[in-house]
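In structure tokens, the next block holds one chain alone, the form predicted alone.
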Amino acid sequence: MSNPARAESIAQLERLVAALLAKGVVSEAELAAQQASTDRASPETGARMVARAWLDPEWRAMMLKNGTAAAEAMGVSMAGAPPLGVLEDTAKRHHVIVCTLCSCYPRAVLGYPPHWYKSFSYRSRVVREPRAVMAEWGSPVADDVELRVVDSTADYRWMVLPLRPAGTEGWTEDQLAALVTRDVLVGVALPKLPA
């Protein structure tokens, strides 16, 4: 976006906020609280959700049934956000998330989307050649594993519940959460044990 176009977009946003404040639709305190919540959001929330799912079958079932409720149970406000779906990887199926139109992303549980997620290159290539993209990320997927690319939209956001790595039996939630990065939650990487 060019600087004049960006300046106009900012001006439009400021006019909209001013109108909403003037009509009492929102308050300065509500806007500040929402901004603070957005700024606090990080992939650590999604990682904790995954670690808990690896340890607690009942939690896992609830998270797969209703990702929004799981996020809320972790203390994340999902008010006003699209529903959150959680896609479970298996030994024979791996999921990769993309927003083919723009950058729809579950910010409440993953924080701000990375630059590459919004890039035209990622959005177009991962749909056409997901195995090549995974290999370039250092996470090749075997030919006998179905690679399912899922489109995140304005109406529904997604995150991945990856397979728990072998060799993590007896690990604590904190230890497991440390294996789950933002890229794992989007599906372009696999959880790896520390070297």
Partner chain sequence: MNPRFSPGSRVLVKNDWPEERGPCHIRTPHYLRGRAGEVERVLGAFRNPEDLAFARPAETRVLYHVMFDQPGIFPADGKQPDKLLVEIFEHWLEAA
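All figures in this text were calculated on a predicted structure; none of them were measured in a lab. Positions refer to the first chain, counted from 1.
Below, we turn to the form predicted together with the partner chain, even though it does not appear here.
Student: Give a yes or no for Asp143: in the predicted complex, does one of its heavy atoms lie within 4.5 Å of a heavy atom belonging to the partner chain?
Tutor: Asp143 belongs to the contact set for the partner chain.
Student: Contact between Ala135 and the partner chain in the predicted complex at 4.5 Å, heavy atoms?
Tutor: Residue-level check for Ala135: no, no contact with the partner chain.
Student: Might Arg128 be said to contact the partner chain in the predicted complex, defining contact as any heavy atom within 4.5 Å?
Tutor: Close contact exists here: in the predicted complex, Arg128 approaches the partner chain to within 4.5 Å, heavy atoms only.
Student: Contact between Asn66 and the partner chain in the predicted complex at 4.5 Å, heavy atoms?
Tutor: Taking the distances in the predicted complex, the answer for Asn66 is no, it never comes within 4.5 Å of the partner chain.
Student: Select from the listed residues Leu163, Leu147, Leu31, Met62 the one whose heavy atoms reach within 4.5 Å of the partner chain in the predicted complex.
Tutor: Contact residue from the list: Leu147.
Student: Check each of Thr153, Ser42, Ser139, Thr168 and return the one that places a heavy atom within 4.5 angstroms of the partner chain in the predicted complex.
Tutor: Answer to the contact question: Thr153.
Student: Out of 47 to 55, 23 to 31, 154 to 162, 66 to 74, where are the residues with a heavy atom within 4.5 Å of the partner chain in the predicted complex?
Tutor: Of the options, only 154 to 162 has residues within 4.5 Å of the partner.
Student: Just to make sure I understand: among 80 to 108, which residues lie within 4.5 Å of the partner chain in the predicted complex, judging by heavy atoms?
Tutor: Residues within 4.5 Å: Pro83, Leu87, Thr100, Leu101.
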